[in-house]
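This document starts with one chain, in the form predicted on its own, laid out as structure tokens.
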């Protein structure tokens, strides 16, 4: 560590950050390590999420590379230079994204040129790539775009065939620094096609991730059910709970030199998990609930419709976001008002007056009315109080009735969610889809699913 770098760490205004940087710089391990810098005022001011860093962290980790930390800095030469000086000391890989476009605030290239004591030179290959890109889109190249063909003399260029800014690679001792454009689809293509394959050549092990998707149980209750199994997990397998509204992901990870052996090791534990909570698992590897429903309906060659009040068409939106959903999804009635519930779904005014729009009777009549209206095999109905207002005595915000109808029966359940409107809509939707999943499995695959 240089004396200049030690001084920067000592004068860092945050004692906690200073301590963490010191620890990270002194970690000793045989693993390949990486540090990530994302550049842009739009990130440091909170106007956009740092999705590039999230994506890169995951891909590096899956490749068996340990990510030590992520830094986000603004669009100033001093911020970028300080971040590079901290990150480049004592690690294997530094990945920078952002600041490589044609506008005035894209200063990463000039800052790196100065940092590595270089000069900008014209690169004919980069110029040809930019020219072809503009010609293919029917645009004229501006002088600002021509300047993007100027690159530091001491960097290695990685061609960017879908954008105007190439990736640049610098070597500093044992450390490689990769500077990538901040446009997400360009960054991902460069990482996937060029950088990750290059890095993997120097690795002798990889990390395997497996995800189990769970719905219908709270995180604390799930942890109780799994406590004995979790305590007996092999030490080389890590388990993470990743909750989101209505869904919990259980993520397994393990590292080894033989990927097939590591995968089988994890699958052994997943098979044990299936025996403990079979009714709560709806899929694997980040499959969405709506995609799982689509697979089931494609397999059974059955159809679905929805009648939605409190979810406002959100269930239909989820279902139609899946490619090929027209094969099984027939349509929806967004029955937000009582008049639509009555006129379009056949919910009687007497039921609405005596039982209320948020009631078991209304939910079941909505589901039955949709089933008849669309001629489907299954119908989902939702009615509830999403909030923040609308509560009545005995029906607080978050009260939701969900009904599932098929030719054989109509079944409904009452749920009490929270007081946040958007979370209530999301939880109502995924819960409704999960109830449908269980009904389809019970009616079509009772032995296979143990229901």
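Everything quoted here is computed from the prediction, not taken from an experiment. Heads up, when I say rigid core I mean the largest set of C-alphas that superpose within 1.5 Å between the two forms. Positions refer to the first chain, counted from 1.
The discussion below concerns the form predicted in complex with a further copy of the same chain, not included here.
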How about residue 427: is it within 4.5 Å of a further copy of the same chain in the predicted bound form, going by heavy atoms?
-> yes
Please check if residue 61 has a heavy atom lying within 4.5 Å of any heavy atom of a further copy of the same chain in the predicted bound form.
-> yes
Do residue 406 and a further copy of the same chain come within 4.5 Å of each other in the predicted bound form, heavy atoms counted?
-> no
Can you check whether residue 182 is within 4.5 Å of a further copy of the same chain in the predicted bound form, heavy atom basis?
-> yes
Within 4.5 Å of a further copy of the same chain in the predicted bound form, heavy atoms considered, which of 127, 280, 115, 336?
-> 336
Looking at 261, 301, 204, 220, which has any heavy atom no more than 4.5 Å from a further copy of the same chain in the predicted bound form?
-> 220
Only one of 270 to 278, 244 to 252, 195 to 203, 347 to 355 sits within 4.5 Å of a further copy of the same chain in the predicted bound form by heavy atom distance, namely 244 to 252
4.5 Å heavy atom contact with a further copy of the same chain in the predicted bound form for all of 54, 340 and 374 = yes
Which residues, if any, of 43 to 68 lie within 4.5 Å of a further copy of the same chain in the predicted bound form when only heavy atoms count?
-> 43, 44, 45, 46, 47, 48, 49, 50, 51, 54, 57, 58, 61, 67, 68
Has the Cα of residue 44 moved 2 Å or more between this form and the one not shown, judged after a core fit?
-> yes
Does the distance between the two CA positions of residue 240 reach 2 Å or more between this form and the one not shown, the core being superposed?
-> no
